[in-house]
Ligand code: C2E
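Only one chain is included here, represented as structure tokens and corresponding to the form predicted alone.
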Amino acid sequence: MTASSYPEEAPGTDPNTVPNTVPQEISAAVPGYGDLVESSPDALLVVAEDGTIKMVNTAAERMFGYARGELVGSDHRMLLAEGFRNGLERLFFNLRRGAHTDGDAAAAETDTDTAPVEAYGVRRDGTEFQAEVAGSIFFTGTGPRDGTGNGSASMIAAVRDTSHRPENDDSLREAMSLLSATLESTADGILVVSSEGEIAGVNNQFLTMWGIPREMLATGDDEAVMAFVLDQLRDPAQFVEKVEALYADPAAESHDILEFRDGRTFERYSRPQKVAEQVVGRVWSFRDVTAAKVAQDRITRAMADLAAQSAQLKALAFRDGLTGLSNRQLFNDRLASALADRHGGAVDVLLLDLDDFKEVNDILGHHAGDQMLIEVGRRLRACVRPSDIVARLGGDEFVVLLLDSLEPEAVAARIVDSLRVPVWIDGTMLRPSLSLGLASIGESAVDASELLRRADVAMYAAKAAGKNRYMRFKPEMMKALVDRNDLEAGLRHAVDNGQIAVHYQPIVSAGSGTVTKVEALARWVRDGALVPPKHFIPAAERSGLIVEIGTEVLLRGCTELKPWLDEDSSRSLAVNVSGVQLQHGDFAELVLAVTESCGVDPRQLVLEVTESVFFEDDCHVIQQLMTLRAAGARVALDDFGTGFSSLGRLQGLPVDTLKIDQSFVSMINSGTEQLPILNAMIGMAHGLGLTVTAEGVETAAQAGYLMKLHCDSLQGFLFSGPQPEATLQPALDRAALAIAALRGDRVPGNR
């Protein structure tokens, strides 16, 4: 900027200028002070505590290129280059700290012991120049000049252009600018404290982080600043203790964490400030790590949650969710490990499932079934050692792995006995039972799958032997399994080739003394020998062949007995119906279609079902039977008394006839016994409007006893066994004669 660019107008002649008013406090203390200010070659500025320019002289206008009116009221920082704009603030701060007062409210002494500072000024046109700034403090108002009263401080800053000095050092300016810019641009709060414990300097970030008012810092009251800081901390004593420890060891460095009452977290670093290896103070650096700590805490919690979830998933992966026992995967792993590392030690597998468990679910619901499984798991666990493995493989199937056990059969017997104790579920007493197969490692090495297969074979052998027991695997059991598979294969062949025959057994009416009903029964002759129904009927149900067999029996019965049925409309044909057949959606339609095609009245048809068919959750079975009853067919409940049913349930079932199982009839020996259970069955069935048929009648004593109880119909070998259609008529005649003899009738009458 050239001299011609400076404003030439006298003060007050330009509309942008303001009167050059000298503060009264100064002019009163120094006569002629105003002329002195205007004649000074240095630029003089009076700067208030907030940085606002209150007064300038003519030299300031020339030096900076601004009119007086543009300067007065503006922030003094606009006159300083970047990196030096806080220079006057630090000078002001240091001057005020060194100021003393004698209590005179109007005192205007100025102490200028503080050395001038180097800076770079900025002219209006943007050019910069090297300058030296000296300052002096003065107070206005009342109160001591240390700032603790009501007085306010201002600074007279004298700016001298030193760009003409030959010792101008651009590197010094660059270093100072870099240092100042670094201090102000860093995200850390910086505090410099002298060796005497006095605050020597701070950056703006420090004041912002701690929320310290500039006015408080300007007072020079370090104790007030410290109290302000400590009041924000959760543990102020720890803060003070660390400070005292560091000042006791000036060369020490430290790093610690500060916790604030408002939840913030600072990292605090401290290291000595040295000049020529001489410690002259200490630099404190504060970094706000609240966000990082919150993020770290979240990560820590997330990792803890993840670890907990991982542990839970691991537990779920190897534990049965219902019983808490080991699951199939864990059992297989332990078994494989035991077989690989046994070194001659005993390895025993006990495979078991509950007998007739499905009926528990069907009668009491799945909740009761779950409770039963939980109780079974608890009892199994109590029967073995803590080191033994008890697992639930699924459904009602459990397995126990014994390692180095001296008495596996004793454990098996203990398990069977433990299940004989009744279980109370929702007020209902149940007597569970199980079938258990035991397989052990012998001299011949076997793998895990083979050992389990042997235990499975032994378990089915236990079921075939009557259930509620255990059996140890024997090689001949494998033959029984092969025979069972062979039986099913042969049955498939027999059905496909029409080799299933139908035999008929008469049922006599105790009231009329005649044969009023015939039961059609499936028979299978294989290789010239009759296969017992108790062998092939379960196989037919397992394989689903019972549907085809049942349809064939119904069709053959309606065809072959139609002439006999046509002779008397009170006569009827009884056929057995499996629950598997009733599961088919078109069963009722199929039955009615067969009777229609054969010309048989559905009212002459009796469908014999076991009570287990009514335990299904699906109402479809009952709906099928109700459809058939609506068409005139009747329903008989076969083998009554052998399952879970009670007489009380009969009232709500679509049943017309009750067939008492032969196990109850066999209790009659001489005919003079007192058997209230039979009396109750027949009496209550009649009370419900049902007719009663007793099956398995083999002696006259049994027949006579039942007739005294007013049993409606009798069936058994006393009258006739099942006969093929070719010999049915003689069988009907013999049955009629037998019932007539029991009644004392002279006329056998039948046909």
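Numbers for residues come from their place in the sequence shown, where the first is 1. These numbers come from a predicted model, not from an experiment.
Not on display, but discussed next: the form predicted together with the ligand.
Pick from 713-721, 682-690, 59-67, 46-54: which stretch has a heavy atom within 4.5 Å of the ligand in the predicted bound form? Contact criterion met by 713-721 only.
Point to revise | T657, T323, S405, N576 - the one with a heavy atom within 4.5 Å of the ligand in the predicted bound form | key: Flagged contact: N576.
(request) Go through R492, R523, R268, R571 and name the one with a heavy atom inside 4.5 Å of the ligand in the predicted bound form. (result) Among R492, R523, R268, R571, a heavy atom within 4.5 Å of the ligand in the predicted bound form occurs only for R523.
**Message:** Can you work out whether V192 and the ligand are in contact in the predicted bound form, taking contact to mean some heavy atom pair no more than 4.5 Å apart?
**Reply:** It does not: once the ligand is placed as it appears in the predicted bound form, V192 has no heavy atom within 4.5 Å of it.
query: Does P533 make contact with the ligand in the predicted bound form, using a 4.5 Å heavy atom cut-off?
result: It does: once the ligand is placed as it appears in the predicted bound form, P533 has a heavy atom within 4.5 Å of it.
Look up in the predicted bound form whether I537 has a non-hydrogen atom within 4.5 angstroms of the ligand, and give yes or no. Yes, contact at 4.5 Å.
Query raised in the report: Is the gap between A703 and the ligand in the predicted bound form 4.5 Å or less for some heavy atom pair?
Result: Outside the cut-off, so no.
### Query
Each of V553, D638 and E698 near the ligand in the predicted bound form, meaning some heavy atom within 4.5 Å?
Yes, each of V553, D638 and E698 comes within 4.5 Å of the ligand in the predicted bound form.
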